[in-house]
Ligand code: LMR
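To begin, one chain is listed below as structure tokens, in the form predicted on its own.
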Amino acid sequence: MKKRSVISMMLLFAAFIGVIVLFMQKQGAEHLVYDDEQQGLNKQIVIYFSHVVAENTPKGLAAQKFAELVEEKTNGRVKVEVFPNGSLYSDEQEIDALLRGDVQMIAPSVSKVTQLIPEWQVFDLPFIFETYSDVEKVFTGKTGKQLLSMLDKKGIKGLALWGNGFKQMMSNRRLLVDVRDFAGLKFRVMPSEVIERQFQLLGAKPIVVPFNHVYESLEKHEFDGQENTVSNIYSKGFYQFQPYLTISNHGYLGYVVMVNQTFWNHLPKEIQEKIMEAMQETTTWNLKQSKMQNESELALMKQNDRMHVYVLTEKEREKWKKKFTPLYEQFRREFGDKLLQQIENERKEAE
């Protein structure tokens, strides 16, 4: 009996202590001070930005600069978290991930977009651009805006076109100077009908390999050559396996910065405006940075005794252009001449 009384007293005491604690918590909560910054954190918008290249490439650096500008312009209201090197999604997965809403922003190569909108193949045509000025004028001009608007019907908001640089030819066999030098070689390509046909015209065998698998494939000697920008070749160490580099500037590697349309539509208008401000500033910076970086890293590779670097002459480039004429003829048959003429006009304005 005494034991039950003791237990009852202990339970009553515990209950009394519990009431006191709850009362004190309530009183404390009423007197806590929340500053505006802390309240703002609860409303912070987070954007996951996934891409597949290294952080020290033109796209990798631009993504980081964009993130910094967005945070600055929105006073921390929007935070862009960048996931480089395919750490979140590979280039095979990222567009589907964007459409599902699993990630809010990506920047795939223009070649990837040709699978959604065939007209984008125009940017994969060899020698469509001659200079970096051509690229800047077209990417930020009427043609760029027109192609970006085509993404709307796919549930995607196109924000901008970024650049990596002009593409060059690499091989582990020999320098590729004459169009006949490609015959019989296996070449890694991005998924693009135009690029595949480009190498078929050269007598080579194109093999589609995702970017995040290229290094491993090179180690295993699964192909004889590839086309890529100097910045990708240098940052990823591809030159260790393919020391023959031909500076051809035959194509341009561009990226489409895009955001999930539903996510974008739910953002407050003032936030959309700040993001676009940051994007425009970043795009201007990126197009200049990509030129500088490709030039400086080419100079570094030329100093490497193991590298064999050859720059095509204008006469040799003309032979390549002639070889690729059927690609332009086929594009005109499928899509007409309007886009090509528009790009030509914008290029002339850049001169």
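Please read these numbers as outputs of a predicted model, since none were measured by experiment. Don't overthink the numbering: it's just position in the shown sequence, from 1.
If you look for the form predicted together with (2S)-2-hydroxybutanedioic acid, you will not find it shown, but the lines that follow are about it.
Quick check on this chain: which one of Thr246, Gln198, Asn228, Asn260 has a heavy atom within 4.5 Å of (2S)-2-hydroxybutanedioic acid in the predicted bound form?
Here the answer is residue option Asn228.
**Message:** Which residue, Ser192, Asn232, Gln242, Gln168, is the contact with (2S)-2-hydroxybutanedioic acid in the predicted bound form, using a 4.5 Å heavy atom cutoff?
**Reply:** Of the candidates Ser192, Asn232, Gln242, Gln168, Asn232 is the one lying within 4.5 Å of (2S)-2-hydroxybutanedioic acid in the predicted bound form.
#### Entry: Thr140, Leu161 and Lys291 all contacting (2S)-2-hydroxybutanedioic acid in the predicted bound form, non-hydrogen atom within 4.5 Å
Checked in the predicted bound form: no contact with (2S)-2-hydroxybutanedioic acid for any of the three.
Determine whether any heavy atom of Glu136 comes within 4.5 Å of a heavy atom of (2S)-2-hydroxybutanedioic acid in the predicted bound form, and answer yes or no.
No - in the predicted bound form, heavy atoms of Glu136 and (2S)-2-hydroxybutanedioic acid never come within 4.5 Å of each other.
Does Val52 reach (2S)-2-hydroxybutanedioic acid in the predicted bound form if we count a contact as any heavy atom within 4.5 Å?
Although (2S)-2-hydroxybutanedioic acid is absent here, Val52 would touch it in the predicted bound form, with heavy atoms inside 4.5 Å.
- prompt: Can any non-hydrogen atom of Tyr255 be found within 4.5 angstroms of (2S)-2-hydroxybutanedioic acid in the predicted bound form?
  reply: Yes, contact at 4.5 Å.
Would Phe211 count as a contact of (2S)-2-hydroxybutanedioic acid in the predicted bound form, using a 4.5 angstroms cut-off between non-hydrogen atoms?
The answer is yes: Phe211 has a heavy atom within 4.5 Å of (2S)-2-hydroxybutanedioic acid.
Taking 4.5 angstroms as the heavy atom distance cut-off, pick the stretch from 67-75, 153-161, 107-115, 273-281 that is near (2S)-2-hydroxybutanedioic acid in the predicted bound form.
Selected stretch: 107-115.
| said: Could you pull out the residues of 70-94 that have any heavy atom within 4.5 Å of (2S)-2-hydroxybutanedioic acid in the predicted bound form? | reply: Only a single residue, Asp91, comes within 4.5 Å of the partner.
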